[in-house]
Structures are given as structure tokens and as C-alpha cells.
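Here you get one chain, nothing else, as C-alpha cells; it is the form predicted on its own.
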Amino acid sequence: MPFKPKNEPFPLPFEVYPEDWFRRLEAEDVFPDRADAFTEVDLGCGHGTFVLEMAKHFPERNYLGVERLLGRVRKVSRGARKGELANVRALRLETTYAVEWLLPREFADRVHLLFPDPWPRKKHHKRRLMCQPAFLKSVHDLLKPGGEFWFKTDHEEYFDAALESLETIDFFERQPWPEDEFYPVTDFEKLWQAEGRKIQGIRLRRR
């Protein structure tokens, strides 16, 4: 069913809507009163389950969800408003443009890419974000020195391809995935777990 907007202001509170979409933002443009806080970015945040749960658990941190679909962005915004989560923002934009051209350099302490489209058909493999050196370099530049990039997938072949791609770059170093850290299960992860799929993750640190 197509998204039907309600009688709401546009953009909603908690949404980032730049005056100039062709100028790189400053941290203060995203979190005006919290620009110095530990900041995490969820690329392709969907309905915001992960972002909202993290924001509740870590109120001292900032959380930005990036999502291209308006209905999903609105759901994140409403969830932040309902939960009075001043540490949440939502940005409606395609992931690669947001990372490469709009978000500030050295903005995030942690970036998450959780269950992106694995593009299973061979002719589409070039669209896989984890296999694009230019995208990986942009994530590196988005991170603060020592910042981390966390990736999860249920697609084993994509996971293996991501590892191969990482062998061609030298600006990330792999770290063990922590087993005891609070990390909410996304909607997609719940679905894949119910189907018995194997979930695998890669944790990278900016050199």
C-alpha cells in the first residue's frame, strides 16, 4: 500500500532537511545542541527499530538514521517524538549520496550497515556497497579517527565477497565482533533468524 502522508508539518521534528542539498553539512546542522556527543549513523535504517532502541539505551549518544523512503523516515520521526528522544534524527536520502557528498567529514564515531540488499544476481554484484572501494573510503572519511564501521548480513556469498573486497584496501582494520554489547535485533534480522539463516558480521576500525 502506498504511503499516505498525514496532516503533519514537513519536515517533521527530528528530521534533517538541509537548505542546500549540494553543500556538505556541519555536525551542528544535524545535532545543533549535541554536536560533541558520541554519534552513530545507521545507513538504510528502515522503520528505525535499531536506531530508536539504541537511542533509548544510550541517551548520551546521538543517532542518525538515513533512509530513502519517506514513509520509513516518517516512522522514525514519529517514534523519536513519541519517545521524546532528543538524540535521534532522520535523514531522507539515498545512502551513497549521504555518505559521499552530504554528511560531514569525521562526523561519526560509529557507522552501521545492517542487512543491505545483497544484490544476489551476478550482473548486479557491482551494486553491493561493501564491494565498492569508493563507498568504503567515503565511510572511512565519515568516521572520526578510530571510529568503527559495523556490517551485518544474512547472505553468505555477500559476506565472503565483502571480506575479499576488504583485502584490497588498507584504511580499515578488522576487529572481533563483541558478543556482550547491547545491539538490538533489526526487523530484517528477526525475519532471517525465523527462517534459520546464518547471520554474520564484520566490525572495522578506521586506521
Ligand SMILES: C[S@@+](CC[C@H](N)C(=O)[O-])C[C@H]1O[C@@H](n2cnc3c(N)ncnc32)[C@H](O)[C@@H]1O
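Predicted model, so just to flag it, every value in this text is computed and none were measured. For every residue, the number given is its place in the sequence shown, counted from 1.
The protein also exists as the form predicted in complex with this ligand; that form is not presented, and the subsequent description refers to it.
Chemist: Which is the contacting stretch out of 136-144, 175-183, 63-71, 158-166, given heavy atoms within 4.5 Å of this ligand in the model of the complex?
Modeler: Every other range fails; the passing one is 63-71.
Chemist: Taking 4.5 Å between heavy atoms as the contact cutoff, choose which of Leu114, Leu102, Val111, Ala80 touches this ligand in the model of the complex.
Modeler: Only one listed residue qualifies here, and that residue is Leu114.
Chemist: Does at least one non-hydrogen atom of Asp187 fall within 4.5 angstroms of this ligand in the model of the complex?
Modeler: Looking in the model of the complex, residue contacts with this ligand include Asp187, since a heavy atom lies within 4.5 Å.
Chemist: Can you work out whether Glu106 and this ligand are in contact in the model of the complex, taking contact to mean some heavy atom pair no more than 4.5 Å apart?
Modeler: The answer is no: Glu106 has no heavy atom within 4.5 Å of this ligand.
Chemist: Under a 4.5 Å heavy atom criterion, is Val30 part of the interface with this ligand in the model of the complex?
Modeler: Flag for Val30 set to no.
Chemist: Within a 4.5 Å heavy atom cut-off, is Leu93 in contact with this ligand in the model of the complex?
Modeler: Yes, Leu93 is a contact residue.
Chemist: Where, within 14-50, is there a heavy atom within 4.5 Å of this ligand in the model of the complex? Residue list please.
Modeler: Result: Gly44, Cys45, Gly46.
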